[in-house]
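So this first bit is one chain, no partners, the form predicted alone, shown in structure tokens.
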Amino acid sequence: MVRLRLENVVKDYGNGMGVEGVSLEIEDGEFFVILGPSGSGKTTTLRMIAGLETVDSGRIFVDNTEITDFPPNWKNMAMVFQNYALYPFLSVRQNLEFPLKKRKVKKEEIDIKIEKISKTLGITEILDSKPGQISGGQRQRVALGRALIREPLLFLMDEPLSNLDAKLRTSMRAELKRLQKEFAITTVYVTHDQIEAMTLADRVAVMNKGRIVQLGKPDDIYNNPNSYFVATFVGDPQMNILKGRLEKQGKKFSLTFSGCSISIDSSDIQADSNSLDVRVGFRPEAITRVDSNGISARISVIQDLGNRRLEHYSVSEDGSEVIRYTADDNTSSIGAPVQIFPGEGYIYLFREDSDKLIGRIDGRSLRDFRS
């Protein structure tokens, strides 16, 4: 069942910023993440759903009821902000009580709800404390509790973990996922952090310049980016990109990049020209060492991550940097010459002139065909 639907929603600020015709359908109980860089329109989209921003054109529906022009207090939604938005002069208990008292819920019912939510979130011992007396992680839990205790139809989150330190963000991501599934509340979560998006979402909408540029499950977006922007925005470390040239040769294409040449079946390429400048992309985990006929490079930096390493290479032909993410034991010293090839994953080809994906080739199928 579709819980939330946006139809060609537009917000025009007149300065090139805003939202340009966003359409979405979000299922009941889904954890839906809107991911994008600063200024992409993701927070504006969330605020229009919440009623905190007016909609210039388009329509918003919840359960087939149009709510486009409803004020925020008429919408059964709860929002968690980046700064928690707790009342500093009220105790934790009073912050949790506040939305229920506004709805004139009976005291006995309020007490039952507070006991349940405080146990679920592990904040029972701080109910009498003020927000200034508790940690950032505890304040975040209180903000979540104040939203959940209302039992809303929709849970809206605007970068709620960005003020937490790295360790706490990791634990809170797991907690958020658990709580969302336990309460089965349809959740729309906005973030610029692609790790948050990939680990939390059932589906992700990637936004750029006011538009949704790709929509899908996290692994689909990671493995099948439809553009240079999505490919380089999603992934940590980001996708390696090298300049290349694609030339039609009979029923095949010859792809040349960084001194390496491979032959590709033309059916794998969507090209309207026999000769194209391309960007050649491959993930850090796709790189393997080869004995010959690969990309000539030298090791410039090695970052030891414990059970894995990041190896930085300087490509001999043009000095481009390539990063390899690996767990193998084939180590070398800084400055050592090596041959590398993206033979453990996909090679992505993007048009230089439009950034559009025109081909995805499995590098594993090319191990024995390097020329």
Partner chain sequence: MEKYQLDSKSGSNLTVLESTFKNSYFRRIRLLKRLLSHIFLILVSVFAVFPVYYIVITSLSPIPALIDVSAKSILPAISTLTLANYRQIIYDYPFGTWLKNTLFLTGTSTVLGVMLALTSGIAMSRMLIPGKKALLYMMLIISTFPFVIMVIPFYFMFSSLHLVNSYVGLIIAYSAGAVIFSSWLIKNYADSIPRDYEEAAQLDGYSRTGALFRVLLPIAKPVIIFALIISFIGPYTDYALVSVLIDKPHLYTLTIGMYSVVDGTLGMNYGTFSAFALLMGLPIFIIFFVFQRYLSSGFSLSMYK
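Residue numbers count along the first chain shown, from 1. If you're wondering where the values come from, they're calculated on a predicted model, not measured in any experiment.
Below, we refer to the form predicted in complex with its partner chain, which is not included among the displayed structures.
Enquirer: Which one of these stretches, 303-311, 24-32, 332-340, 47-55, sits within 4.5 Å of its partner chain in the model of the complex when only heavy atoms are counted?
Expert: Going by heavy atoms within 4.5 Å, the stretch is 47-55.
Enquirer: Does any part of residue 103 reach within 4.5 Å of its partner chain in the model of the complex? Heavy atoms only, please.
Expert: Flag for residue 103 set to yes.
Enquirer: Does at least one non-hydrogen atom of residue 259 fall within 4.5 angstroms of its partner chain in the model of the complex?
Expert: Result no; residue 259 lies far from its partner chain in the model of the complex.
Enquirer: Is the gap between residue 136 and its partner chain in the model of the complex 4.5 Å or less for some heavy atom pair?
Expert: Although its partner chain is absent here, residue 136 would stay clear of it in the model of the complex, with no heavy atoms inside 4.5 Å.
Enquirer: So in the model of the complex, is its partner chain close enough to residue 83 to count as touching (4.5 Å, heavy atoms)?
Expert: Flag for residue 83 set to yes.
Enquirer: Sort through 183, 98, 229, 222 and report the residue having a heavy atom within 4.5 Å of its partner chain in the model of the complex.
Expert: By the 4.5 Å criterion, the partner-contacting residue is 98.
Enquirer: Identify, from the list 279, 150, 141, 283, the residue with a heavy atom within 4.5 Å of its partner chain in the model of the complex.
Expert: By the 4.5 Å criterion, the partner-contacting residue is 150.
Enquirer: Which of the residues spanning 75-96 lie within 4.5 Å of its partner chain in the model of the complex, based on heavy atoms?
Expert: Result: 77, 79, 81, 83, 85, 86, 87, 88, 89.
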